[in-house]
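The chain below stands alone, shown as structure tokens; this is the form predicted on its own.
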Amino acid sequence: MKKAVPAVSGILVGFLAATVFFADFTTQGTSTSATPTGEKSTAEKVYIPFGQQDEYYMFASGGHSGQLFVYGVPSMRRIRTVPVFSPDSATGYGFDKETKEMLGGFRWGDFHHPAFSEKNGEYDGKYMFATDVANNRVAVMDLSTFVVKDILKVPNTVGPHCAAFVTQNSEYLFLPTRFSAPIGQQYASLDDYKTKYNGFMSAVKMNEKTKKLEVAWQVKLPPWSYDLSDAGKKVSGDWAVVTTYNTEEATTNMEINASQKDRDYILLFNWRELEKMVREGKADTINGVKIIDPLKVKSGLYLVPVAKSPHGVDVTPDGKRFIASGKLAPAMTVFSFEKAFEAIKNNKITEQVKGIPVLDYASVMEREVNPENALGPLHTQFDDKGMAYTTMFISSEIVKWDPNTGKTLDRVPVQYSPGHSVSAEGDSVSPDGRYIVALNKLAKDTYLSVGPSHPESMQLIDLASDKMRVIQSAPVDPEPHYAQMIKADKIKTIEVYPKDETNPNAVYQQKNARIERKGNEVHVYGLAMRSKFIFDDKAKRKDTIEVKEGDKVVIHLTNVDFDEDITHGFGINGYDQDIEVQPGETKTLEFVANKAGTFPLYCTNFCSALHQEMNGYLLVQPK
């Protein structure tokens, strides 16, 4: 008995020490079991059992990868990478004739801001728009197939960082520019920056019938940088707002010289009025585009002073306010559309800058909000009750606050330095208030090391209770600039492409597979099915293509497996050719047979138990 007492005491002391030193008393992001009150643990909140699916899609820009990353929420599982502005061998994007022409010869893009098409201010789940800061392009993706349908290179536009933002019935998507340059990017000395350089804003429309984009008109703007933007909603539906910086018009050492003034501006414009001016012939035509010059018109465009170097500007879901802040400042400013309309009506103008009237700050501002010790406000999202959530880049947190009072309601640290954030249906007129995701610029020691280039981080925050809580973290390739989150049931995808009997390149029956020579061009009308290619039904070897060195080879390939999830690939060994053909789809591949020899071709996308046998040959006879 005497021996047992010290033994039991030792166990108790050890247990106490282990509890003190090693127990985790926090609940944020670590709990794996339900609480005593029955509330789900953090693990349960993000777990999606097999057979069930996520509640939301999140579409995140892939930055200078030129790609779109698609996630499921709340699991934060990455479910698809969609190539938009860069070639992608995994899908053959940029290799087949159509997408190769669409990319326009560019090898990369810098995809910044995705935006869903809208109907009455709600995401309608039909299209996703994207912009390329690097090569001045805009793209539209069909959400029934997750395939890009058109890419437009926008004239007079240099770095459309400030885009795309979509008006509440998808009348336009607007693309203001980060960089200023002479029209057509012609040469001009930087000494002439103030007189020969300009920013531009493009109004782009989509023809839903053809799924093609076109520039409707543009606005010539002062030679400043235009950063972010948002379209009005409901009462402000005909308006939009854009942040500016470098109103100093500096041309070098921008870190210092573009931050000299205490205030820059928000550009406030009425797109309905500008549209009307274009119809009335008040626009100039330059390089084939109708262009409005603020020096020649007297309304439609206004400037609102804001703390210097602002980043985001965000319209509240009710369309009554817009919120902006200087990214080096501690405070956010709440502006009122109603007060702005009154200021315009009552001519509360303090000065004209580059032909654009400046509204009196006090006449438009509703309140300044300064959460204690919060630094670096960048971007604001909203919940279903109209509460605001602002990312603080410098203090690495998200602050929840009330736009009606300015009162801070909650704050949660994130790891680290959030740029943007995205809440569920957050840019629509009716956010869900379920989740917000912090798009963090730095992850540091969050994940296993992959060398000096660290993955970046997305953190899912639960908004279901009054206290925000991080419940999931996911690494992401550089660099997610922005994202939008949509209810999963709004997107209606197809599983198989329907037959298109009007397509002259499609072959749906084996007997129609053929190879036709037209001079030095060889046209192949072939089909792919589990587990073979048939290029010429009458040939001795139906899965062989034989051409002569120097021939132009045009291969039309139809996947006749009208069966869900049976995609075929088509790669040619040693010829740098590769496409993907989805069920029911027809793709065209063009190239010149510029070297003689024997080149195996094969299905690159696993399709059946006999996938390995799905091959053939390209034989190129020497000259």
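Start at 1 and count along the sequence shown; that's the residue number. It should be emphasised that the depicted structure is a prediction, and the values quoted were computed from it without experimental measurement.
If you look for the form predicted together with another copy of the chain, you will not find it shown, but the lines that follow are about it.
The chain is drawn here without another copy of the chain; in the model of the complex, the stretch among 423-431, 275-283, 297-305, 103-111 whose residues come within 4.5 Å of it by any heavy atom is 103-111. Here the marked residues 206, 220 and 490 all miss another copy of the chain in the model of the complex; none has a heavy atom within 4.5 angstroms. Contact between residue 562 and another copy of the chain in the model of the complex is not found at the 4.5 Å heavy atom cutoff. Taking the partner from elsewhere, residue 475 is found to have a heavy atom lying within 4.5 Å of another copy of the chain in the model of the complex. Taking the partner from the other structure, another copy of the chain in the model of the complex has a heavy atom within 4.5 Å of a heavy atom of residue 41. Contact annotation for residue 550: none of its heavy atoms lies within 4.5 Å of another copy of the chain in the model of the complex. The partner is absent here, but in the model of the complex a heavy atom of 544, alone among 352, 544, 503, 404, sits within 4.5 Å of another copy of the chain. Only one of 396, 316, 86, 247 lies close to another copy of the chain in the model of the complex, with a heavy atom inside 4.5 Å, and it is 86. Residues 530, 531, 532, 540 of 524-540 are found to place at least one heavy atom within 4.5 Å of another copy of the chain in the model of the complex.
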